[in-house]
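Starting off, we have a lone chain in the form predicted on its own, written out as structure tokens.
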């Protein structure tokens, strides 16, 4: 199933949402952007508000959201809206995929990361103590409303997270790589990222082919994210950097540095020595729970050159050895 991506200004979004003002309206939303939504939504009794979406992307909050919506009278003919970043759209989409055996939903991403990646593609889910997105489904939203006006609400951390994911796209696409190095407007780069992912998803919705390439940087990235509690985008960028380091891919590492500087990323925050609580054993434990692991093998996404990525299966025990013997991890 493909989603319709709609670019619009905030007043246009408000007008679109007003069509549901007098009917049954249900939503899961990040409380941080509450004041940026229409007043009638702010006071709607059918909105399940999240105080800390990333921390609440779990089984407990999932159960609470389902109970809240069922008590509110949600029906199979209803549509669920998601307002927030990637954690919010992941949770809301998973609720939509399971409640009443599945209902329609629409996403209104409000962070750069969600606009270019998290809300696009229909992969929804929740986290478990063992790792990120260990429970989930493929359930694409009918519409994705991308409103650039929400970018004014972002913190420095959220900007950094979005740019970290953009860096990943810079390895997947020659066009995006050039836009980054030319320091094109962030809205232009974001649009190119969204278009790129949409095309990949349309050709491989269930991740049975090239869609797995979008997981570039995520094997180490999810481990950093779970272990060090970093933002997703920063974790992916850091995951890419250390993948290149561990595998001694010097050319790719040089390209990482160029793009990071062009995106004005704080490179010093992507070094292991910046995190005194880093523990190699905990890190490896998270790597071993990577969803791309098949029996004793790990399907690793690697970079041959800009715009040319591929998947290679490697024995987990061999990959663990590379990690354990990498000098920078011995802190």
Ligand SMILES: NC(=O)c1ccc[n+]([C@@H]2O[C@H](COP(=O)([O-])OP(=O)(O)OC[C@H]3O[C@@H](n4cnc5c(N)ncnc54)[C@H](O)[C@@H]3O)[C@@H](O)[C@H]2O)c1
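Residue numbers count along the first chain shown, from 1. Note that this is a predicted model, so its numbers are computed, not measured.
There is another form of this protein, the form predicted together with the named molecule, and it is not shown here; the text below is about that form.
Checking 36, 289, 299, 46 against the named molecule in the predicted bound form, a heavy atom within 4.5 Å turns up for just one residue: 36.
The partner is absent here; in the predicted bound form, the one residue of 113, 240, 223, 92 having a heavy atom within 4.5 Å of the named molecule is 113. When contacts are defined as a non-hydrogen atom within 4.5 Å, none of 164, 191 and 303 contacts the named molecule in the predicted bound form. Comparing 103 to 111, 242 to 250, 70 to 78, 182 to 190 against the named molecule in the predicted bound form, the single stretch with non-hydrogen atoms within 4.5 angstroms of it is 103 to 111.
In the predicted bound form, the named molecule stays beyond 4.5 Å of every heavy atom belonging to residue 227. When the named molecule is considered in the predicted bound form, residue 139 lies well away from it, no heavy atom lying within 4.5 Å. Using a 4.5 angstroms limit between non-hydrogen atoms, residue 132 touches the named molecule in the predicted bound form.
For the chain shown alone, residue 153 is a contact residue for the named molecule in the predicted bound form, at least one non-hydrogen atom being within 4.5 angstroms. Contacts between stretch 75 to 106 and the named molecule, counted in the predicted bound form as any heavy atom lying within 4.5 Å, involve 85, 86, 87, 88, 90, listed in sequence order.
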